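Next comes just one chain, in structure tokens: the form predicted on its own.
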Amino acid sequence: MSPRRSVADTLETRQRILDHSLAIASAEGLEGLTIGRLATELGMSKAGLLGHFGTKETLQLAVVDQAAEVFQREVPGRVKQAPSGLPHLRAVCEAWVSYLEREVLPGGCFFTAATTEFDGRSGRVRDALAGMNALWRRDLRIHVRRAISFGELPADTDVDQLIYEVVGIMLALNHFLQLEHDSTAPARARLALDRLFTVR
């Protein structure tokens, strides 16, 4: 086997581990990831699996990064061409609703589940989750401020309050989809967002 093929196989195996781990973690939490379980379900040895990540914490951190890549692709990545300002903010939120509605991950929003799991702890995984959430709020804040500067939202809009309400709507959507299996939840989320962004 050529060195190039060996590297490609290693990367492919690592990606397979991450994809399977993310599917489990979205439904059962990051603590649901055990080396023994993953090795069995993926048909690998424990030593072989550990060779890719070293420790469970390193695996968890890699899954957080993988979840961020999926979210980036499925939400902001889908609306790159949307006009700046309020149209972009609306497009981002619609993509976010669609991401949850389409059940891209079997357990719904990975970050909602993982944040609930780790918010009362300390450590690298908790810090990574907090950092990802902070980056996403920063991006939303940029879109809101542009909408204000373009006169599409009132000049006295409380940016942080608006972000708080957007996140609250998405948390509610994930709850009603996952726990209640409420098929009307996406429509309710869209209505709530439209009310939030409509200037009166």
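What you see is a predicted model; the values in this text were computed from it and never measured. Don't overthink the numbering: it's just position in the shown sequence, from 1.
The same protein also exists as the form predicted in complex with a further copy of the same chain; that form is not shown, yet it is the one meant from here on.
**Q** Look at the stretches 160-168, 64-72, 44-52, 144-152 and give the one with heavy atoms within 4.5 Å of a further copy of the same chain in the predicted bound form.
**A** Only one stretch qualifies here: 160-168.
**Q** When the contact criterion is heavy atoms within 4.5 Å, does residue 12 count as touching a further copy of the same chain in the predicted bound form?
**A** Residue 12 lies outside the contact set for a further copy of the same chain.
**Q** Hey, in the predicted bound form, does residue 124 get a heavy atom within 4.5 angstroms of a further copy of the same chain?
**A** It does not: once a further copy of the same chain is placed as it appears in the predicted bound form, residue 124 has no heavy atom within 4.5 Å of it.
**Q** Though only this chain appears here, would residue 175 touch a further copy of the same chain in the predicted bound form if you measure heavy atom gaps against 4.5 Å?
**A** Residue 175: yes, in contact with a further copy of the same chain in the predicted bound form.
**Q** Does a further copy of the same chain get within 4.5 angstroms of any non-hydrogen atom of residue 24 in the predicted bound form?
**A** Outside the cut-off, so no.
**Q** State yes only if every one of 119, 137 and 195 has a non-hydrogen atom within 4.5 Å of a further copy of the same chain in the predicted bound form; otherwise state no.
**A** Result yes, every residue of the spot touches a further copy of the same chain.
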